[in-house]
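One chain follows as structure tokens, the form predicted alone.
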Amino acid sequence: MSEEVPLSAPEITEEDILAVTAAMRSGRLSIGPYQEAFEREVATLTDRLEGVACSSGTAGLHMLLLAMGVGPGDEVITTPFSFIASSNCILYVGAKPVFVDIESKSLNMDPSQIEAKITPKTKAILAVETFGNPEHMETYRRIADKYEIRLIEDCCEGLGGSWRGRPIGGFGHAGVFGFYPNKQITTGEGGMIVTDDERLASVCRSLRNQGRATDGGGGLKNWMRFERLGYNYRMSELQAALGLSQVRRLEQVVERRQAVARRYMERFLDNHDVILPTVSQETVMSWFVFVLRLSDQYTAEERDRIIEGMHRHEVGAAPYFPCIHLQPVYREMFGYKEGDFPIAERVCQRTIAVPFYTTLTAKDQDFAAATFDLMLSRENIRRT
């Protein structure tokens, strides 16, 4: 049964459909002008010289690590509070993710703990803008520059946001956006690397296309020459056409999502059982999701019952995010246990993502909020 108010929903307009149809009618369905135009558009939006479209944000992160020479025996500093892909890609290249606990307001890595984790094996910092929040990105860059290591900006959740006027995607040596259907804009599946490093971009273009040569020259000989082990990480022309159509209305999308977030903020402002997202005045937030956090008096079991109750009332809700280090595969590989990263664990046990998308109506939003309040009140009654 589909939910009456889903957790997320893409916005697909008639213009989007026409754009994809035009790409289909062009007869060129891969490696064509729509991809090139989409890359230019995203690069320009983020004040970058290069954009490299790919099949997913995960693929983009994987390619960046490879292109930066990260491999077996290396370490990459990252957060345990993220979607698991940000850490998995480090394992793909044979390196070890080294987790740093988060800061409780921004939910990004605590910058005061990073330098203690840097060793001679550290090759990069992979910093995630959690839920689209760019707080501390400038500090991460200063630390990376101080130790002459790379900063990879996982900006998959923040397209269209900024900090002190600097666009998200513009802080790292390179950044990666994701275009899954729950993001600000979507290509169905897809991602985009942005960077000012032309060599890095060229290597990533080769990696996404089976390692094919990218040094020009043309002709069949060059087309069938493979310089490195590569992957099929391409973005199709249909996806790029959809992305290009959507990104051209990104400003309006961001504004509408900000309006949805403001309504939630106003709705829950006086609820002392809930911790609202904290956003710096210097941040223009491009909201990816809206995550409520229960106060510390609530348990993970109570949080889970609230989510289950919302589902029974056909309202989307989900825990965002479970800690990566406590996932079975990471426990088995590295021996992580409860208590290793206490702030991330305390947060992850109490988070509830509520319905959030560009086209969410005030009526449906009120219904979602009222359903959350009802489930919360039931938990409070259980306590008495």
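All residue numbers refer to positions in the sequence shown, first residue = 1. Quick caveat, the model's predicted, so the values are computed rather than measured.
Another form exists, predicted together with a small molecule; not displayed. Remarks below refer to it.
S.K.: Please determine, with the chain shown alone, which of 65 to 73, 23 to 31, 333 to 341, 52 to 60 has non-hydrogen atoms within 4.5 Å of the small molecule in the model of the complex.
M.R.: Looking at the partner contacts, the answer comes out as 52 to 60.
S.K.: Identify which of Phe268, Tyr298, Phe83, Tyr231 has a heavy atom within 4.5 Å of the small molecule in the model of the complex; exactly one of them does.
M.R.: The residue from Phe268, Tyr298, Phe83, Tyr231 that makes the contact is Phe83.
S.K.: With the small molecule left out of view, which of Cys204, Ala240, Met109, Cys156 would have a heavy atom within 4.5 Å of it in the model of the complex?
M.R.: Contact residue from the list: Cys156.
S.K.: Quick one: His313, Pro319 and Ala368 and the small molecule in the model of the complex, is every residue within 4.5 Å by at least one heavy atom?
M.R.: No, none of the three is in contact.
S.K.: Taking 4.5 angstroms as the cut-off for heavy atoms, does Lys183 touch the small molecule in the model of the complex?
M.R.: Answer yes; at least one heavy atom of Lys183 falls within 4.5 Å of the small molecule in the model of the complex.
S.K.: I'd like to check something about Gly190: if you look in the model of the complex, is any of its heavy atoms closer than or equal to 4.5 Å to a heavy atom of the small molecule?
M.R.: Gly190: contacts the small molecule in the model of the complex.
S.K.: Can you tell me if Val254 lies within 4.5 angstroms of the small molecule in the model of the complex, counting non-hydrogen atoms only?
M.R.: Although the small molecule is absent here, Val254 would stay clear of it in the model of the complex, with no heavy atoms inside 4.5 Å.
S.K.: Evaluate Val291 for contact with the small molecule in the model of the complex, applying a 4.5 angstroms cut-off between non-hydrogen atoms, and reply yes or no.
M.R.: Answer no; every heavy atom of Val291 is more than 4.5 Å from the small molecule in the model of the complex.
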